[in-house]
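Only one chain comes next, encoded as structure tokens, the form predicted on its own.
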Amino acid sequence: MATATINGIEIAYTDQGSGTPIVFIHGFPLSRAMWQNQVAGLSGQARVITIDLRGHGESQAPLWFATVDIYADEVAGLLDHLGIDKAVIAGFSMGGYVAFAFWRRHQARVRALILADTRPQADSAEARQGRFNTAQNAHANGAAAVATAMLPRLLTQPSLDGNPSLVAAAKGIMESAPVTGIATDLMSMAERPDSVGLLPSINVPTLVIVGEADALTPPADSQLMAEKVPGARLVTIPGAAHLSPMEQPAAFNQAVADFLSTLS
């Protein structure tokens, strides 16, 4: 593990391989551990960087508010720490919201975008209430309760029934999330701006990836992004729900590898 002090917070990260830098930003309530298969599978082709956002994994978990803009600025701070001017920014789910914020705030540093199992719309009133309810569950019952509630929505039923190692890995990452990080994430997501209007301004190569059975950020949301971002390509991954990078890592990595090969 390596760490960098960014905005006064110890941020943990990994940096492996050489070539085009690509920063993978995890989702809620996960950590950079979700990207293990991507580090292993793609670091022979690219410089693969994974980050633990504040409040996750091995990064510090301050008891304070944050926003997707703060997360994006800390990703930029990590690029500064590593001496990287431009990178491919790859965001999964909540990490996609951070990627949109990164585009708004640090556009000149984006070589390309990968938006995986995410959506551009802001939360509805119902979704914001759901964030509040999840925060109360975490506060009262801990991260394990959040993991138990979320897991059935992250993976396909065949994986839930027949892939115990995958289930244990996903559950273990979520159960290790500090409650302060969980609450901060939920507030930052509830308050994030709508990014639909941002999509036509994205003028860098963009890959949109979605699991065909993703119920949290459905394929229709990915289709919307692919239609509104000029020149974007869309890859739908069979046999995957929301957690496509972990559930179908070979297909996910192939989509990313093919995309990276098009960047000159």
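This is a predicted model, so every value here is computed, not measured. Just count from 1 along the sequence shown to find any residue number.
As for the form predicted in complex with D-malate, it is not shown, yet the points below apply to it.
Looking at heavy atoms inside 4.5 Å, which stretch does D-malate contact in the predicted bound form, given the options 135 to 143, 176 to 184, 106 to 114, 88 to 96? Stretch with heavy atoms near the partner: 88 to 96.
Does at least one non-hydrogen atom of Gly27 fall within 4.5 angstroms of D-malate in the predicted bound form? Within the cut-off, so yes.
Is Ala72 close enough to D-malate in the predicted bound form to count, meaning some heavy atom within 4.5 Å? It does not: once D-malate is placed as it appears in the predicted bound form, Ala72 has no heavy atom within 4.5 Å of it.
Can you tell me if Met189 lies within 4.5 angstroms of D-malate in the predicted bound form, counting non-hydrogen atoms only? The answer is yes: Met189 has a heavy atom within 4.5 Å of D-malate.
If we define contact as a non-hydrogen atom of the residue within 4.5 angstroms of the partner, is Ala149 a contact of D-malate in the predicted bound form? Looking in the predicted bound form, residue contacts with D-malate do not include Ala149, since no heavy atom lies within 4.5 Å.
To verify the annotation, which of these, Val204, Val39, Val196, Leu216, has a non-hydrogen atom within 4.5 Å of D-malate in the predicted bound form? Answer to the contact question: Leu216.
Among Arg119, Arg131 and His242, does every residue place a heavy atom within 4.5 Å of D-malate in the predicted bound form? All of them do, each having a heavy atom within 4.5 Å of the partner.
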